[in-house]
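Below sits a lone chain in structure tokens, taken as the form predicted alone.
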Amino acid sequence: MSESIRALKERMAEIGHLGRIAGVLEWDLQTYMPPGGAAARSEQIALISRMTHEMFTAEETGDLLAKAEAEAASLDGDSDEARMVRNLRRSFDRAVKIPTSLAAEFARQTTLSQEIWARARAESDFAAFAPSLERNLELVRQIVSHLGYENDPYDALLDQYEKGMKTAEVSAIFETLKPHLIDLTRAIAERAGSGDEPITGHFPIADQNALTSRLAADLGYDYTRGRQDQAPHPFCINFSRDDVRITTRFKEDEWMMGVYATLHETGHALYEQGSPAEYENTALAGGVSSGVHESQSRLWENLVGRSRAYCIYLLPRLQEAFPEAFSGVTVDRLYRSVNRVRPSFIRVEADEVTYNLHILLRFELERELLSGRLRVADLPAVWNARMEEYLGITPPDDRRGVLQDIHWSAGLVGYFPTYTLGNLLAAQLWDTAQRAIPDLEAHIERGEFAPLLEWLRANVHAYGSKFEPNEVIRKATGAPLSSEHFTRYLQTKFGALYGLA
């Protein structure tokens, strides 16, 4: 490795450590920090964000990058060093467009905003959150103006999470999916009947925590390099490949929310724990994009976790944890229950058929808010009207409506479409994995998840962030991203469950 590339790696490792320190503060904000600490925490995170941005965009970093590029020009374009330098150039060119003062203010504001959102959500009081959301959107628009865009201002935000993806491409995906989803939802509604009701009972939180921790470990989550805690909105965060943490949330009168939130976040965590050790503290580490990341979480949550094979594995563990509620429950009863299709208010609890309609709603509203076509004050009413249009239900309060997601309080405008991209890719990966592992479902029935995890490690995780998202998809599946696998999966699975032609 050349001296210039080595020096650049060392500088980026230091910058990365600063970012991960901020990450620890963010994790604590969502898990253990007392509410009164929000103001001080916002200043702490703003300071680290300013230091990180200044160090990354400094002339010294630019000079090191230029020298490294000159030396990387003679290397194989797909070598680790060449790809690392190329990834850093992209990140550097974006970062230098954003004033340090704006980066710091954005960090400060969104830290405060998350605490305001948590209180507003608990009290179902959108008016209490609205001024904070207004300010968040003002800052997001400023960021867009500095980043620039060719066709749509939303492109600049989407590109932060899914490199190279355009708003027009996402719109085209939803145009293809929407009629399929609405038609399937309506067809199921006509056939829905008994047998798919939720399994109810009392599920003590301590017992749920023990169960979900066991389920995550069985999938391959390494607790010597991770931990599970509780948060208002489940998430996964990593400070290195050897410190990858997940959170979930529980309700004592329901078991599915905790189980499937844990499976979802475990999917994210397995991806980060599988990042190659040699990529640590470089621009090649970790997941390549939010969409590919979501493919891992949605694959383990749904393609695995809601399969009949997984129900065979899961049922005895549920019966052991909650004997009263699950006594006499059969595998078929559990399978129908976890795949119950009904329009619902909460996105993270939505079934596989209706889930992407929740994402479509948010995608549309984000674009309207960003452009100014939709005022923040009008957001709850428009949200409710769109829910009625797409899902046939109207949220009874803002907690189960416009306030349910943390994303806008954290400034994550542009992230929501990656959930749908993740669903499409999860189905495509699942089809490919089934061909590579013919007895995959038999392994899952026995609780043997290593064959699938090893396949994902070799075909997705091993690349870290070295290649572009579309390159990873082609390498893993042999084809570009397509919605066909997902729509076929839904039609086949739910057609059988609900007796559709």
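Residue indices: 1-based, along the sequence shown. This is a predicted model, so every value here is computed, not measured.
The protein also exists as the form predicted together with a further copy of the same chain; that form is not presented, and the subsequent description refers to it.
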Practice item. Quick one: find which of 282-290, 70-78, 232-240, 175-183 has residues within 4.5 Å of a further copy of the same chain in the predicted bound form by heavy atom distance. Key: 232-240
Review point. Quick check: do A261, A277 and P469 each get a heavy atom within 4.5 Å of a further copy of the same chain in the predicted bound form?
Key: no
Practice item. Would you check, heavy atoms only and a 4.5 Å threshold, whether W27 touches a further copy of the same chain in the predicted bound form? Key: yes
Check your understanding: Are any of the heavy atoms in R41 no more than 4.5 Å from a heavy atom of a further copy of the same chain in the predicted bound form?
Key -> yes
**Study point:** Non-hydrogen atom contact R245 with a further copy of the same chain in the predicted bound form at 4.5 angstroms
**Key:** yes
Exercise for review: Using the partner position in the predicted bound form, report whether T224 sits within 4.5 Å of a further copy of the same chain, counting heavy atoms only.
Suggested key: yes
Study note, to complete from the structure: Partner-free chain; cross-checking a further copy of the same chain in the predicted bound form, the single residue of M33, A442, A462, A66 with a heavy atom within 4.5 Å is M33
Study note, to complete from the structure: Checked 10-26 against a further copy of the same chain in the predicted bound form; residues with a heavy atom within 4.5 Å, sequence order, are E14, H17, L18, R20, I21, V24, L25
